[in-house]
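In structure tokens, the next block holds one chain alone, the form predicted on its own.
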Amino acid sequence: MMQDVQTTSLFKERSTLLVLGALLVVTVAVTLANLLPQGHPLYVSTFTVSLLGKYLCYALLAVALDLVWGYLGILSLGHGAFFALGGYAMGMYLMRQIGARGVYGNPELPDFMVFLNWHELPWYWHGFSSFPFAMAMVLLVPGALAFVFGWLAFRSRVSGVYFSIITQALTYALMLAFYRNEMGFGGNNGLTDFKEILGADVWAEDTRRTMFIASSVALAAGYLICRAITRSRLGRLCVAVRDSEARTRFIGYRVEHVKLAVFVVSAMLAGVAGALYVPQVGIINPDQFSPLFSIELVVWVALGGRATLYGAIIGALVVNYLKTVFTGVMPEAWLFALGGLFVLVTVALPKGIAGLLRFRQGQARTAASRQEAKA
């Protein structure tokens, strides 16, 4: 009964309704616009549909980070690693679907393995010809890494800047490892040249639209999961740990358990975002492990507004749109623009865009109250 009440109140929440409503409207509008004939003034190209799908994957990743940074106070500079691991799990499934249609025509081995004179498929590739198995790995591999890493770190009471540094070291170490051809993940080139997913041509317009819709649904589901957590008793414990970890520990709570549970959920959501990202962009390589990518992710959440969830979505969409524009017009200036944006947010908008919206909303309510009082 209590769960029913909480679920109902969650869907009555204004911010949740706005997020779900906006996603529904955008998803339906973009899908219908893509079905229009080319040349129609409202037509949206398939390239744009895939680009928007990629943005939605980034938004889900930002929500996952906001869950641990905004509500738990853990600044992770390694969430790109969980995103990349989910992407590699999906990429391995897509590579197994190529079969004998590869350049070398080997029904078992991907082209890069044939080129490197591998004679048999590594044991950790077995099972990825099955979609359910691959999707399970999308969740389990990032979740397992987060569990082991988090258990060691939180048990040792590593926190603050030290935790940020070791998460960055983790993703950098994984990047160096995946660059090695001996790892069996394609080395520098990564995994690419995908053919189909669930029997459908991965480059077909119908598949592109379906992946865009799937990304929107995943973002909505991820947002609801995170919102349910933050509104629950676990969420209140997270805020207590964020605001005063020592006091929370003193009154008897196992702080490391709270951190570990939320950290694992966040990593699994990041893995789902990576899995949806790969078929839409057509490649996954070690660059996704780059510490720079994880730092960019922090900028998305900071710009949108920490501890709001919907602010993380706004930040991810805004920054990645600006990145698309800047890299097309002035590719060399993008990093300077990103740095300037981060400084601007820190100085002028410490609570991000979401904080500004809340401030404006508060002003409007105050003005309305004053007018009612005068009347």
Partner chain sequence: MISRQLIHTFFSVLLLLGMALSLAAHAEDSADASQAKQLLEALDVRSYDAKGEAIKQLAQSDLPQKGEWLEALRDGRLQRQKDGGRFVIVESDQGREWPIKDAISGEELGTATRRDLDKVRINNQLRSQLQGLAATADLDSPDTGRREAAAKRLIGEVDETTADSVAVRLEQETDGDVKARLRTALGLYRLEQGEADAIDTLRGSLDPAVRNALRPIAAGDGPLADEARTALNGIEQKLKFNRWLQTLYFGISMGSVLVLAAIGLAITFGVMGVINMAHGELIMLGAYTTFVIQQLLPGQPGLALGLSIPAGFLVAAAFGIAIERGVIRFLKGRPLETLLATFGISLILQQLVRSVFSPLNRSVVTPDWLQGSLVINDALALTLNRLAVIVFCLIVFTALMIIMRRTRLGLEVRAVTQNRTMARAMGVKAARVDILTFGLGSGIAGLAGVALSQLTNVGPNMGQSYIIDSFMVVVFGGVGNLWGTLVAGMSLGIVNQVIEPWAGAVLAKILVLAFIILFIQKRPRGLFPQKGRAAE
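Small disclaimer: the values here were computed from a predicted structure and weren't measured. Residue numbers count along the first chain shown, from 1.
Although not depicted, the form predicted in complex with the partner chain is the subject of the following passage.
Shown alone, this chain has one stretch from 126-134, 174-182, 84-92, 272-280 that lies within 4.5 Å of the partner chain in the model of the complex by heavy atoms: 174-182.
Three-residue candidate spot L152, L335 and G340; every residue lies within 4.5 angstroms of the partner chain in the model of the complex by at least one non-hydrogen atom. The partner chain is not drawn, but in the model of the complex it has a heavy atom within 4.5 Å of Y162. A residue is said to contact a partner when one of its heavy atoms sits within 4.5 Å of a partner heavy atom; V347 meets this definition for the partner chain in the model of the complex. Residue contact with the partner chain in the model of the complex: M113 places no heavy atom within 4.5 Å of it. In the model of the complex, none of the heavy atoms of T192 sits within 4.5 Å of a heavy atom of the partner chain. Exactly one listed residue, out of L121, I295, A221, V141, brings a non-hydrogen atom to within 4.5 Å of the partner chain in the model of the complex: I295. Only one of A204, I98, V217, L75 comes within 4.5 Å of the partner chain in the model of the complex through a heavy atom, and that residue is L75.
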